[in-house]
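Only one chain comes next, encoded as structure tokens, the form predicted alone.
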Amino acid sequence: MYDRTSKTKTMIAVLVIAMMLAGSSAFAASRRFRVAYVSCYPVDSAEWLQALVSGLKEYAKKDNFEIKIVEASDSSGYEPKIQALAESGYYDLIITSYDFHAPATISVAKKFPNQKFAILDAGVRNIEQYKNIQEFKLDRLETAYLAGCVAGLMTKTGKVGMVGGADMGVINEIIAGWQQGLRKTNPKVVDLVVYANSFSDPSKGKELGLSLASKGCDIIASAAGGTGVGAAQAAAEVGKPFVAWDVHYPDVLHGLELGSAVNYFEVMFRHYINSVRAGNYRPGTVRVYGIAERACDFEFPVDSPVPDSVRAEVEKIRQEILDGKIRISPDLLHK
């Protein structure tokens, strides 16, 4: 006998399951990708970091992802803060910072093998052995090389100086690119390097900048975060051209800034976060973002004294970098 009631019940059950599946799919589609960024510096300690956080919040709205900023600038808080984020199970991606956070990130990642971790420019050794950590970074070599090319073309004494924030991997990579760029356009150039051992000490930056000027350097450069403004002040005081990193100093240098090796951290983070969202998470590898991705470049301020002839030469070199004709080593020529 035909059982109309049984068939009706079956149809209702199928409809309910379909509605549940549709609802869960809609939820999955509407759920925002969740990212936590752990900074090893206080956000208000550097202009580049403030720009990064501001840009991340803006992109989060445009790209429909959620971003949480956590400061872990004290070594005693590195691992507890990273682990608390992992334990919450809330975040699709946890991003940590530099070699400061590397040991803690590795430790926590081992405890939470299903959590995706990324680390910014840490130089993690044997990165290929980690199954849930990917490193990503800016191509600082490219912009530093261009900065060196400009200084090499502009020096009159053949002697230039660099104030580095610290004798560490990221800064030495910048100095390596700078030194090679200098020699690209001025093979006989002499370059001096000094380290401030601080990224937030303008007084130290000024002291070192004045010291370089007293040794005959007619161009001063600084890749030292907040310490760099002091080096710029030194250049302004003695009337020497200056090469900046990350920012411009129009109110300090008043036409003495040749240019700045600018880094768009927020653009790099946007690229990286969206690549992970798209399923391109590749643990055990390093992803590099450079001029081609518009994550960094060398930029002339409006009042730069660099003449058009030099700018044209630098543009040719820039194109050679994009075309893969120039290979830049991360190794220092000297300290």
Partner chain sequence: MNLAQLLHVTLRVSAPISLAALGGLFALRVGVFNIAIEGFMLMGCFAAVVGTHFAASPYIGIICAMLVSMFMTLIYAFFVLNLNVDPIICALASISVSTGLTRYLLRPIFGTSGRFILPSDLGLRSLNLPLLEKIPLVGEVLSGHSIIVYISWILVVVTYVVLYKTSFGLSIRATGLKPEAAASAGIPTRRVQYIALSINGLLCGLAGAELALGFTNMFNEGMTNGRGFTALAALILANSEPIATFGACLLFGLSEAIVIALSSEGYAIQLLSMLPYLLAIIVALLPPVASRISKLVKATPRQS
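Think of the rigid core as the biggest set of C-alphas that the two forms share within 1.5 Å after superposition. Residue numbers count along the first chain shown, from 1. No experiment lies behind these values; they were computed from the predicted model shown.
The discussion below concerns the form predicted in complex with its partner chain, not included here.
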Tell me, which of Ala60, Ala46, Ala36, Cys40 has a heavy atom within 4.5 angstroms of its partner chain in the predicted complex?
-> Ala46
Only one of Ser203, Ser107, Thr157, Ser88 comes within 4.5 Å of its partner chain in the predicted complex by heavy atoms, so just point that one out.
-> Ser203
Though only this chain appears here, would His254 touch its partner chain in the predicted complex if you measure heavy atom gaps against 4.5 Å?
-> yes
Does Gly225 reach its partner chain in the predicted complex if we count a contact as any heavy atom within 4.5 Å?
-> yes
If you check in the predicted complex, is Phe112 within 4.5 Å of its partner chain, heavy atoms only?
-> no
Spell out, yes or no, whether the shortest heavy atom distance between Thr185 and its partner chain in the predicted complex is within 4.5 Å.
-> no
Gln180, Arg287 and Ser309 each touching its partner chain in the predicted complex (heavy atom, 4.5 Å) = no
Listed range touching its partner chain, judged in the predicted complex by heavy atoms within 4.5 Å, from 118-126, 77-85, 203-211, 91-99 | 203-211
For Phe300, is the CA shift between this form and the one not shown at least 2 Å following rigid-core superposition?
-> no
Superposing on the rigid core, is the CA of Asp74 displaced by 2 Å or more between this form and the one not shown?
-> yes
